[in-house]
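One chain comes next, on its own, written out as structure tokens in the form predicted on its own.
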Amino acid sequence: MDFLKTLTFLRGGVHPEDAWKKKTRYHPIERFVPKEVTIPLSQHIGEPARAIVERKTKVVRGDVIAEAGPGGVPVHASVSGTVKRVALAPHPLLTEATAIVIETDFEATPPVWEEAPDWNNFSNEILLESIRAAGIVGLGGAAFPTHRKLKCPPGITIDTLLINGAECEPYLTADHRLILEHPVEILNGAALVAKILGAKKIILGIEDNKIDAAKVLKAALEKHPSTVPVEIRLCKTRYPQGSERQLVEALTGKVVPARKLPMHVGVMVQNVATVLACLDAIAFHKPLIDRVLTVTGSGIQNPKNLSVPIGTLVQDIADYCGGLHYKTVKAIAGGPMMGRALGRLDVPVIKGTSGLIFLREEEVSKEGFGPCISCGRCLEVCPLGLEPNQISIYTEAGRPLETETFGTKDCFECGCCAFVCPAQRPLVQFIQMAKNSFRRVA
């Protein structure tokens, strides 16, 4: 592997300043289990799961507590204990959603995830069913059911499985730590996913600010050769390098057409955490019940990388990390570019939560936004060549349905435009408003 050669996409993108360094990159993953968890039934794209437990039900960590809806995945108990209630509860994305609250029994015997014999030779049907039954969704942020993504429609052939280890969002280091601490498992999970797809090769893409992770993977590959040819490629530290379209372009040279998916150019993209979860599901029958995430920012006393049961409340995590600084005014679920600001801390970690960022008041702008000054900076950084300025102007004027020609429906809301806007216009929010207008008239 040539560590001097880095690849990247051609259009747009930004590189946040040094103040956004990933300070938790050297913090090993710690384990934290709270006194109770609040597990939402809606954690992925599609219909929510349906609860099959009720108050006072005793559950064991890993038990199915909610059956999958059409096209969805089941939900599992992330701790052993007693169900306290099944009711509406705060949700990090949906304001409120039905959730199952479980009080943790710390005296319960932990389940043993025994390795299944001959798991390397399972049929594709068993592999896909194992992934579905384990409740696995994309852990890079989209939270789309993984078993559905791996079922390509007729006529689609996957040549390359691209494993996304870029982790281009500022602050976040959870995927970086997973690679450093579980390289062999990630390679094994990638080989299983490649088998399902019939892919002829695997490419692992890692940004060049994580050369240590690339070296660890290379060493693991030398000791444990993969059943599918594997290439480890460095890509430039540049946001949004980890976006599917941009990563495919950087590492394969293929361009995904507008409103198409990587599969349409013979590529499938999976996050490192997702393929690791697939290995756990297939080889050990372990469901997706934990989430590795980064807890960081100047607003938290002790930044960490944590493994927590799904359903752990943000407040409990903050307390475990030493509490908030007295000047903390903002909490973000996910990265600072594409994450969501939280209005409260009694919301749970869900499968798609990659990080929690806490910011002090001096880091948060209190000024309102101004009118577009037609500087063109948003046009320069948009990785898709869209016109965020025009979308915002038309939406602000009450004409959102006239914005399709400017690329509203193609935007994946990376936030580059808002990041560089000197007028501090909330361009992503305007785009979201325009999209909602199209949905209402569909």
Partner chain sequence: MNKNPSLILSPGPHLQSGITTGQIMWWVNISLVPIFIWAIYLYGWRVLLLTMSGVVGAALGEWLVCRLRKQKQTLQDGSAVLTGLLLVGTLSPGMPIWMPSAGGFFGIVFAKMLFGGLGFNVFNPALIGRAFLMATFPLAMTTTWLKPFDAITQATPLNIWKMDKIVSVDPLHLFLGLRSGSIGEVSVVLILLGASLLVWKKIIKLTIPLSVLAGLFAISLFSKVPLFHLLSGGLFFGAFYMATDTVTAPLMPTAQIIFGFCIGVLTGVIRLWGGYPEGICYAILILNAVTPALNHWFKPQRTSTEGSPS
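Rigid core here is just the name for the largest C-alpha set that superposes within 1.5 Å across the two forms. In this text the structure is predicted, and so the values were computed from the model without any measurement. Positions refer to the first chain, counted from 1.
Below, we turn to the form predicted in complex with the partner chain, even though it does not appear here.
- Residues 342, 405 and 419 are all found to lie within 4.5 Å of the partner chain in the predicted complex, as judged by heavy atom distances.
- Using a 4.5 angstroms limit between non-hydrogen atoms, residue 218 is distant from the partner chain in the predicted complex.
- Under a 4.5 angstroms non-hydrogen atom cutoff, the partner chain in the predicted complex lacks residue 226 among its neighbouring residues.
- In the predicted complex, the partner chain stays beyond 4.5 Å of every heavy atom belonging to residue 90.
- Under a 4.5 angstroms non-hydrogen atom cutoff, the partner chain in the predicted complex has residue 326 among its neighbouring residues.
- Contact annotation: of the candidates 248, 331, 289, 306, the single residue with a non-hydrogen atom within 4.5 angstroms of the partner chain in the predicted complex is 331.
- Checking 120, 98, 124, 315 for any heavy atom within 4.5 Å of the partner chain in the predicted complex turns up a single hit: 315.
- Only one listed stretch (64-72, 410-418, 48-56, 27-35) carries heavy atoms within 4.5 Å of the partner chain in the predicted complex, and that stretch is 410-418.
- Relative to the superposed core, residue 403 undergoes a C-alpha shift of no less than 2 Å between this form and the one not shown.
- Relative to the superposed core, residue 372 undergoes a Cα shift of 2 Å or more between this form and the one not shown.
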